[in-house]
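First comes one chain, alone, set out as structure tokens in the form predicted on its own.
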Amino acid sequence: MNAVRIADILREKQTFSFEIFPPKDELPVEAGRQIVSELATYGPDYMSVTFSAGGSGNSEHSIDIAAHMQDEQQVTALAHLTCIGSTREQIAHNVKELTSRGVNNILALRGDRVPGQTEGDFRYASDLISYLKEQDVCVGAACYPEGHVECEDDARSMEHLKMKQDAGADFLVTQLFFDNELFYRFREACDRARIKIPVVAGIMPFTSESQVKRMAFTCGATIPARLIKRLVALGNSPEDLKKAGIEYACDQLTDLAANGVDGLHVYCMNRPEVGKAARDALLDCAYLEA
């Protein structure tokens, strides 16, 4: 497959995309490829694959899955790279591995801090973005509709986002959120801060009450009252919770589609049925064409 830059796709249309995480010890690579193959049938403009911090763990699997997306499924791949704890040599190696296999779209992330881990050669995501732009790749960056969980000052959080754009980021993908109104306010704040690159909205269906609570603490995601009421009404039925989580996410997606987002990115959690439900909802509201 000829390399396609996601920034070019975003200039032409509103995008629809998925994110998966690569296989670990308990998930064989072949199972990961099967997930990609099924998701590819739902017509995403691209798919992203996550990456372990510090260049360890599942990094080779990430590269393998990204290449599989493009070579065998003909879907543009967006590979994550995290810089915290990584040396310049490690990042250079991973970039070389990706580009040699035709993957030229990278989501540049700082990554989560790990106790006892050294800073590495790139302190901030903006430092990694600057380096990647020198490698002639298309670079995406993360953004946070409610501000980064480690930054209590919203103005400062927006300054950091502007630094990513100024460093060369071509587009932004949001962290998950459960309240679309917060995204719309964030989009307005981006306009005021002269953030001109596309902002893709990232949505993750919840699958359990514990997951919602975990996201609230780890990501700083606000839980709206209507979501809390839905969780209370469902009680402890795992299947009902999963169904309600997908329905809630699809409601978010259709509302975002109606309000002119640059793109929609679905955090599938390696569950193809989530991707199918999202695709079907967006077909129904004419965001996607059959």
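Numbers follow the displayed sequence, beginning with 1. Keep in mind that what you see is a predicted model, and the values were worked out from it rather than measured.
The following text describes the form predicted in complex with flavin-adenine dinucleotide, which does not appear among the structures shown.
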Does any heavy atom of residue 151 come within 4.5 Å of a heavy atom of flavin-adenine dinucleotide in the model of the complex? yes
Residue contact check: residue 51 to flavin-adenine dinucleotide in the model of the complex, 4.5 Å heavy atom: yes
Do residue 198 and flavin-adenine dinucleotide come within 4.5 Å of each other in the model of the complex, heavy atoms counted? no
Should residue 107 be counted as a contact of flavin-adenine dinucleotide in the model of the complex, where contact means heavy atoms within 4.5 Å? yes
Select from the listed residues 130, 73, 174, 207 the one whose heavy atoms reach within 4.5 Å of flavin-adenine dinucleotide in the model of the complex. 174
The one residue among 103, 143, 203, 139 placing a heavy atom within 4.5 Å of flavin-adenine dinucleotide in the model of the complex is 143
Could you tell me if all three of 178, 216 and 252 have a heavy atom no more than 4.5 Å from flavin-adenine dinucleotide in the model of the complex? no
Which single stretch, out of 190 to 198, 163 to 171, 92 to 100, 207 to 215, brings residue heavy atoms within 4.5 Å of flavin-adenine dinucleotide in the model of the complex? 163 to 171
Quick one: name the residues from 123 to 140 with any non-hydrogen atom within 4.5 angstroms of flavin-adenine dinucleotide in the model of the complex. 124, 125
